[in-house]
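Here are two versions of the same chain, shown separately as C-alpha cells and labelled structure 1 and structure 2.
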Structure 1
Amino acid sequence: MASGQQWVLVEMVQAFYEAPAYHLILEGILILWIIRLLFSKTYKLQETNKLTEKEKEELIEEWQPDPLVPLVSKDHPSLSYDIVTGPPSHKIIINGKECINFASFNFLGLLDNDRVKQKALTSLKTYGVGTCGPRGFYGTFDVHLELESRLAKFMKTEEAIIYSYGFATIASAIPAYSKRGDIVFVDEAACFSIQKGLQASRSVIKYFKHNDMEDLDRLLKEQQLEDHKNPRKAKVTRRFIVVEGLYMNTADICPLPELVKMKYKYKVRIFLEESLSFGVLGEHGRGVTEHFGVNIDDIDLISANMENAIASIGGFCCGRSFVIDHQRLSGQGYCFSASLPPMLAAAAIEALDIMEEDPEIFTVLREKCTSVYHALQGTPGLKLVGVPLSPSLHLQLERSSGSRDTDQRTLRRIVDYCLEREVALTIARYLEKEERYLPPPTIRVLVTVEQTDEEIQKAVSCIKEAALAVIS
C-alpha cells in the first residue's frame, strides 16, 4: 500500500518536470487568481460609491434647509387675535367694545359664579397655585381625589380620572387602549383632539360618514368578513367606535342607542367624547347617555372636558374601573404631566355642586337653545347647522363662493358687523391643512343660560341684519 502511494507521488513529480513551461505558468496564475477571489471582498461597487471626506464637506456646505417656519403674511386671518379685556362672561369686552357674549362655551354661566370663585379662592389660600409635580410624584392632592369621586358619582360610573387639560384627555385616552394593529371606527366629523389621539395610537382607522349608521354597519360587516379569513388575528385585534356625544364640528347628536346595538352585534367597544354634551344634555346634565336613557355601563369610556359647562380647566374620563384604572399607568397626559392646579379642581367641585343642587339650570339652557335655534331659522343667506338642543350652533353660508378664503371673509364681516352692534360672535377656527375632513367655514353661536330673552332677540335680529347687509 505504502509503496503504491509513493509511486503515484513520484509519478506526479515526474509529470511536473515534464510539463511544458507555459502550462505551469498558466496553472500558477489560475491558483493565484483563485486565492485572490477567495480573499477579496465581494462588493467592491459600494466602496467606489462612498463619499470622500471632501465630498461630504462639499455636500454639507451646499445643503440649504427650508426656513424653520414659513413667513406668515401680515394679513393672515389668524395672526392677529381679538383682544379681550376683562372676564369673558355674560358681557365680554372685545377690542374695547362691550358686547353680549355669544362666543364663549360658558353654557351654564359658571365662569362668573361667586360660589365657584370663592371656592377657588379658599383653595388658593391653602394650596397655592401649582402642584409642582405629576400625580405619581406628590402631585395627587386630596382635592383631586375628591373631584374624581364626585365626577364618578355625578356620572354614576365606577371611577373617574382627571387630566390637567381638556385637549389632552381624549387624545391620551385613545392611545392608552388602542395600539398598533387595533381598529378604530370613527365618525368623519370627529373633533381635532380625537384625531390626534387616533394618530398617536397608530391603529388602523376607518372613517364612517357622519352619523350614518348604515355606513358604519357596512364597515363593520367588511371587518367581519376580514375576521373570518384570519380568525387568529381577529382574536387579538381590539376594535373601538369613537364618537362624540354632541359634535363640536356639526352641532348634532350621535345616535347612541343604535351605536350600542352595533356594539353588541359586532362586539366593538364604544368611546364617547362628551365635551359639549356633558353638563348640557340630559335631565341632570349627565350628557348623551342620560339624554337617550342608555345604560352608562354600556359605554366603555366617556371623556369630557371641564372647560365648557364647568368653566374651569382640565378634563376627565369615566367608566368602569376595569377600563379607567388602566389610564393611571398608561395615559400619557396623566402620567407625564403636572396635575391640575388644586384651585381649578376645587372650582370644578363647586360647579358640580351647583349642577347637582339645581338641575333646573339644564331645563333653562334647553329652552334657550331651542329658542335661539328657532329664531335663527330663515336667516337670509345663512344656513343654521345643528339640532335644537345644542348650545353650540353653526351658521354656514347657504351658497359658498367656491373659495374658502372669500367665504371666511364674508363671515368675518358678519361677525364684525355684530361686534359693532354689541353682539359677540366668533368664526369657528380650524387648521385647514391638518383636519381630516375640514368642516365648511362657519360662525359659532353659543347659547348660555345667562342670555336674557331680549338679548337673544337683539342678537338674532342683529345677525339677520348683518347677513342682509353683507351677503346681498
Structure 2
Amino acid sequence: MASGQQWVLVEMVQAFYEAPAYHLILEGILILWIIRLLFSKTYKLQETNKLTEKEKEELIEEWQPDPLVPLVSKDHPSLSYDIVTGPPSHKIIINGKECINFASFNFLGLLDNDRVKQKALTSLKTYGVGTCGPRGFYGTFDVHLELESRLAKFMKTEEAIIYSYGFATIASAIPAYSKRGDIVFVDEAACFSIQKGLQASRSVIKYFKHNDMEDLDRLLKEQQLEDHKNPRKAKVTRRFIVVEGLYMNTADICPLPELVKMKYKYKVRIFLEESLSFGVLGEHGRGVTEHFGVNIDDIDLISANMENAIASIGGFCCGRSFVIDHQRLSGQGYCFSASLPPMLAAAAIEALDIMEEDPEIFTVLREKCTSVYHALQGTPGLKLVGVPLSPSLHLQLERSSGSRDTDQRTLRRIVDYCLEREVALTIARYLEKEERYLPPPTIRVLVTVEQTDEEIQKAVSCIKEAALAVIS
C-alpha cells in the first residue's frame, strides 16, 4: 500500500516537471485566486442613515412624477372632431352642413338601404339590442349561425366564423395559428390590425417590400437555406405569408397569382385580409380571388370586416372547416368578446341578399372608381395613390415640407376648403408612434355607387380648386 502511494507521488512530481510552462503559470494563478477568496475579508454594506420625518416630507414635496401619457397640444388634429348628424349615407350632414359624402366606406350604398334597415328593425324587436355574452356563453343566436352559413356559401368555402369587431378579426386570427417560433412573411404596407395580430403572435416577423415578389422570393430562399441547416427545427416551424387583397394604406392590389405559386414552391400558408376588396373586386364581389380567378381553396384563410361594403359591424373569416373550427377555441376576439348584436347580423344577411340579387352593382362601382381615378389625375400639387379599381384612393403631397405636422395641416386646409363647398373628404389617420412603416399623410377619397357623375365632377373640380388655392 505504501509503495503504491509512493509510486503515485513520483508520477505527480514527474508530470509537474514535464508540464508546459504556461500550464503551470495558469494553475498557479488559479490557486492564488482561490486562496484570496478563502481568506479575504467580508465587507459590510454601509448603513444608511435614517431620514427624519421632516426630510421625508421635503423629498415627497420635491418629487415630480413623469406624465402618464405624453403631453399633446389641444389643437392636435386627432382631438378636433367633425360632428355628423344623421346617417353617413350618400349625403352626410357635417357640423350642420349637408355635403356629398366622399368620406365613408359605404361602397355599395347599403348603410341607409330601406330593406337593410327594415330587417334590422324587425330583428331588434325580436332579439333586443345586444347579446351580453360571448359565443360560448349563451351568446350564440340562430341569426349568427345563419350569417356564418350565408357567408360561407357566398364565398364558396366550407365554413365561416363571425366576430363582433372588425379590427379584432384578423388581429385574433393570426395569433390563433402562428405561435412563438413560427415565421411570418408580411408586406410592409400591411394595415394596423395585421400588425397587432403579428405582435400578439410573438412569431418571427420578416417584412418584404410592398408588392415586391422578388424581395419576398429572396426572404423565402434565405429561410429555405436556414431550414436545410436545421431540419429538426424546420419540421416544427410553421411559415405564413400575410397580405391584403386591396391595401388600406396604398390602395393597390396584391399580386395573388404569384403569391400562390410561391406558396406551393416554398410550402408556406397564405392568410389574405380582404376588408377593402370584399364586396368590391370580382364579378360577384367575392374579392381578390374572384378578381384573379384564383381557386379559393389555394388560400388557407380569408378574413374581412363587414363594416365597409356590407355596411354592418364586425368581421368574418372563412376557409376549410378544420381551419375555421380552430378559431372557435383559439380566436381571442371570438372567445372573449360579446357576440355580434343580432340586428346587425340580420342587416348583414339582408346586405348579402342584395349583393346576390344584383351583381350589376359591382360593375357600377368599378365604373365609378375608374371614373374618379382618371378624373383626379393631374391634381395640382397632389399625387394620386392607388389603382383604378380601388374605391379608396389617396391624395398625397407631391412635395413634402419635411414636417409631418405641416403636411397634415396643409391637407387639412384642402379638406376644410372642400367641406365649405359641400364636399366631404377625410384625412387618413394613423397611430404614428406604433405603425411599423408609417405611411405619409394623405387625403382619402372614397367612392360609392350612389355618387352621380355630376357629383363626382363637382368633387373633383372642388379638390383641384382647393389644391391650387392652398398649395400654390
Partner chain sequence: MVRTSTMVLNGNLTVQMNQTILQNGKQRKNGHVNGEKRTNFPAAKGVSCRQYSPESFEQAPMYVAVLTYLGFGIVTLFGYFRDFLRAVGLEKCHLAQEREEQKEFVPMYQDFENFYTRNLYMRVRDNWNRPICSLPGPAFDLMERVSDDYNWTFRLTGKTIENVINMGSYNYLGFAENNEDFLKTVADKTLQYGVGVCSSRQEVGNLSSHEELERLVADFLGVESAMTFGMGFATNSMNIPALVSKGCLILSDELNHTSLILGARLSGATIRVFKHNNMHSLEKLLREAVCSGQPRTHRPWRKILIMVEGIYSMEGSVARLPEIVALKKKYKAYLYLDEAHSIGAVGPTGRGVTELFRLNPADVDVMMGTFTKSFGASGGYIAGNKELVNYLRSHSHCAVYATAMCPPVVEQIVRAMKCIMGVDGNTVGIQRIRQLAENTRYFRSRLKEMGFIIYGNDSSPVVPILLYMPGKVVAFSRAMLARKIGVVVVGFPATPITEARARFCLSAAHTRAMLDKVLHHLNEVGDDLCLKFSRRKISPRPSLFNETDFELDS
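Structure 1's sequence is the ruler for residue numbers, which start at 1. What you are looking at is a predicted structure, and each value in this text was computed from that prediction instead of being measured. Here, rigid core means the biggest group of C-alpha atoms that superpose within 1.5 Å across both forms.
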Open item on the list: Looking for the form predicted alone among these two structures; is it 1 or 2?
Closed with: 2
Task: Inter-form CA displacement between structures 1 and 2 at E55 - rigid core frame, Å - done: 12.6
Open item on the list: After superposing on the rigid core, what is the C-alpha displacement of Q64 between structures 1 and 2, in Å?
Closed with: 5.3
